[in-house]
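What follows is a single chain, given as structure tokens, in the form predicted alone.
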């Protein structure tokens, strides 16, 4: 995997752009408490009434305060941190489930494959957003972990479909047949013979799962159904709409979280695109010609 990353970095400008942007954003999320603790101390970023409402930008509050009396810079950093955490946690869960289903379905084939493929296709076709909204409404207490689990429920089928297709092609190759003849078990064949060759697809499946989970999280939070005691970028968008920032002339309160989300999605998309171009030289040639 490390060699794949190095080669993509060396050959693809898109990959370099996406990687740099993503590293900067993840770095900001990791050091966020160090930045905002001097402003709010040990209090929760989501706690209202910490300061006077709608203070303008100043040395004490570099971006001012919001309609709930909270420091806006703190909110942006805490929202970035939580949104990335939810996206990555949901991505890990959905990718784990998707890879397991995809490998088992593609490798076993037959009736097992038919049943798992039917379930996977049903979840892909069924509109997930209304179901996610309904689940969020009836869940008694939404935490970051609960939110991630809910979002992962409908994110894994895409990874499963992609991995299944690759496994069905790979299991017919000579080195897999040789491993079977030599007496290796199914798990040994999957982890030692097939999994290393599918690393790029696993990474791309994980990236798509993260983006899908973050889009769903923002959509749910933007209508006010997420956990209200945890600041996320989606919740910031919801608050901005409720405060009427357009009429106040404070467009940046809405535009900043939207711009950060666009940067995250663009970075992950560029990383995926760079990996695809490296793995498929013909795609790189077509892109260059255009």
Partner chain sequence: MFKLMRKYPILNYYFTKFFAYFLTIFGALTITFFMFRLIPANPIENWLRSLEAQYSLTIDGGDAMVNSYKEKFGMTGTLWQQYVRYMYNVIFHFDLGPSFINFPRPVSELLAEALPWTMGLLAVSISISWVLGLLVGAVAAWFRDSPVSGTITNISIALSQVPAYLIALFLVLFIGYQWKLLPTRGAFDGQYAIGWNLDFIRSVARHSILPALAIVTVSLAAWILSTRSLVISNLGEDYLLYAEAKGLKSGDIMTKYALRNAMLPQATGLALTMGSMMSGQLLIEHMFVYPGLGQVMGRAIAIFDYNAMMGLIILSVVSVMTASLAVDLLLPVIDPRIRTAIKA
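Numbering follows the first chain given and starts at 1. Predicted model, so just to flag it, every value in this text is computed and none were measured.
Unshown form predicted together with its partner chain; subsequent notes refer to it.
Partner contacts here mean any heavy atom within 4.5 Å of its partner chain in the predicted complex, and among 186 to 194, 105 to 113, 128 to 136, 85 to 93 they occur only in 128 to 136.
Each of 154, 215 and 273 is positioned with at least one heavy atom within 4.5 Å of its partner chain in the predicted complex. The shortest heavy atom separation between residue 211 and its partner chain in the predicted complex is within 4.5 Å.
With a 4.5 Å cutoff on heavy atoms, residue 122 counts as touching its partner chain in the predicted complex. In the predicted complex, its partner chain lies within 4.5 Å of some heavy atom of residue 266.
Residue 262 belongs to the set of residues with a heavy atom inside 4.5 Å of its partner chain in the predicted complex. Though its partner chain is absent from this view, in the predicted complex it lies within 4.5 Å of a heavy atom of just one residue from 219, 97, 165, 149, which is 219. For the options 35, 40, 223, 55, the residue carrying a heavy atom within 4.5 angstroms of its partner chain in the predicted complex is 223. Along 226 to 256, a non-hydrogen atom within 4.5 Å of its partner chain in the predicted complex is carried by 237, 241, 246, 251, 254, 255, in order along the sequence.
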